[in-house]
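So this one's two forms of a single chain, laid out as structure tokens and tagged structure 1 and structure 2.
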Structure 1
Amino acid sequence: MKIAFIGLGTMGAPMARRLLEAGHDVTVHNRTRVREEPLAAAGASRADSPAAAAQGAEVVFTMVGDSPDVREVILGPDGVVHGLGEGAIVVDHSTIAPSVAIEVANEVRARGGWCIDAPVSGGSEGAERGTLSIMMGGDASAIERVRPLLEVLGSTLTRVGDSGSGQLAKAVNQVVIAGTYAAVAEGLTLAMASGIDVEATLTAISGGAAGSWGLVNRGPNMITGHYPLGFRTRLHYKDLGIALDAAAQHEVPLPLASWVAQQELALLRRGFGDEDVSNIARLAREAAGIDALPVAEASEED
């Protein structure tokens, strides 16, 4: 299938590569053009603009930073809509405001195309392995038409409603991560401060009602106080902002997510924005005045 992929960052580049390796005719474009080169070397065509990339493509993928970037790339002067053919489908994998996703989808529809909001979770590892969870909002038949392509990128594909709904589901995902990581950080801080065997405690509680992905996969790093990526605090803070704005529009109070966002802002302020978001444990630990445990050899592998 002839497709375009716009936005070749940490997530976009491996996603575009997977589509290329699945045998599709892929045209790529990235604002910083040099990032197109590795994909061109692997067989992709290059385009000078989003509009040019979209020309002749049946499906156009976008994976950029935030709401203004999506507006620019899809609706701007050189945007996708200026090259998009009748009936072509835009799949936006960016995490943006649900209201902007709706606005963009309406505009694309008015010009004869379809736009699906399809934010993902699963990180760069998920992008490389094709195991992303893709949360989708938009026309159900358009989603069915792109499903074979999305199966190259993700292992869980879920339509949750009309345009904007995928972004709301992603917001829910980030809200749950916020509080869950905060809970793990607080519990492990108590364990460390009270002098019990923290690693044994982690093992003992992981299998029960306290268990979570964050506890199992980020707990060990919280204990040793090093926070390799993962998912940047800076980006999670951006996503929580989207979630809090969307919640405010629906008049839904999110006191816990709001509190975590403030903690993440403090981490950004102090220069920790590019660590993994599990670094909320820094603040819990510092509040208790305790040091991280030495990194054991076995933990270095993460």
Structure 2
Amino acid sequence: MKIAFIGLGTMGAPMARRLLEAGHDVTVHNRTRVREEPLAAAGASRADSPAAAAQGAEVVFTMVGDSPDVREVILGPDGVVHGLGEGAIVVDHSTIAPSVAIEVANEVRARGGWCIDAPVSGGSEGAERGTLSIMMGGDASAIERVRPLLEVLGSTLTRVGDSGSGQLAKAVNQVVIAGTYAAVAEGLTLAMASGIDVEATLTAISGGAAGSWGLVNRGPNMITGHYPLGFRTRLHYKDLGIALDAAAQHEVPLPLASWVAQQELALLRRGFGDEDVSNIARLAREAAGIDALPVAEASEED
């Protein structure tokens, strides 16, 4: 199948590579053009713009940072819609505001195509392994048409409703992650401070009711105090903002998610926004006196 993939960051690049390795004809584009080079070396074509990438593509995948980026990449002057063919499908894996997902879907539909909001969860590991959870909003028949492609990328594929619904499901996902990571950080900090074998404790509780993806995959980060990138703290903070906006719209209080957002903002302001989101453990460890929070270069985030 002829595919375009736009957005080759931590998640997008391995996803595009999986589609290429599955035998599809893949054209790539990224704002920072050098990121196209490894995929081009593996056999992908390169395009100078999202519109050029979309020309002739049956399916266009996008994976960019935020709502304004999606608007620009899909609807902008050089956006996907200017190259999209009749009946082609756009699959947006970005995490954006549900209202923007609906807006983009309506614009694409008005031009004869389909747009599915399909945010993902599972971190960079899931993108590499093809085990992502993909939550989808949009036309059911369009989703079925792209399902064979999505099966290359994910192991859990779920339509949750019409356009915008995928983004609402992702907001729920990020709220749960926020609480999970905060709880894992506090629990493992207690284990470290008490002097018991913390690695053995991690093994023990991972097999019980406390077991979770975050505990198993990010607990080791919190024990060592090193936070190699899986999903950036600044992006999770952005996602929590989307969730909190949705919660306000529906009059749902989210006190835990609000508290975690403030903790992440503190990390961003101290220069740790590009670390993995498990770095919320920095603050728990500092509060317990296990280690001092090092001073990094100040972030531009505020």
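Small disclaimer: the values here were computed from a predicted structure and weren't measured. Residue indices: 1-based, along structure 1. Throughout, rigid core stands for the largest set of C-alpha atoms superposing within 1.5 Å between the two forms.
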Only one is the form predicted together with a further copy of the same chain; which?
1
Following rigid core alignment, is the displacement of the residue 191 C-alpha between structure 1 and structure 2 equal to or greater than 2 angstroms?
yes
At a 2 Å cut-off on C-alpha positions, does residue 285 qualify as shifted between structure 1 and structure 2 after fitting the rigid core?
yes
Rigid core fitted, then: does residue 173 show a CA shift of 2 angstroms or greater between structure 1 and structure 2?
no
Residue 208: how far does its C-alpha move between structure 1 and structure 2, core aligned, in angstrom?
4.2
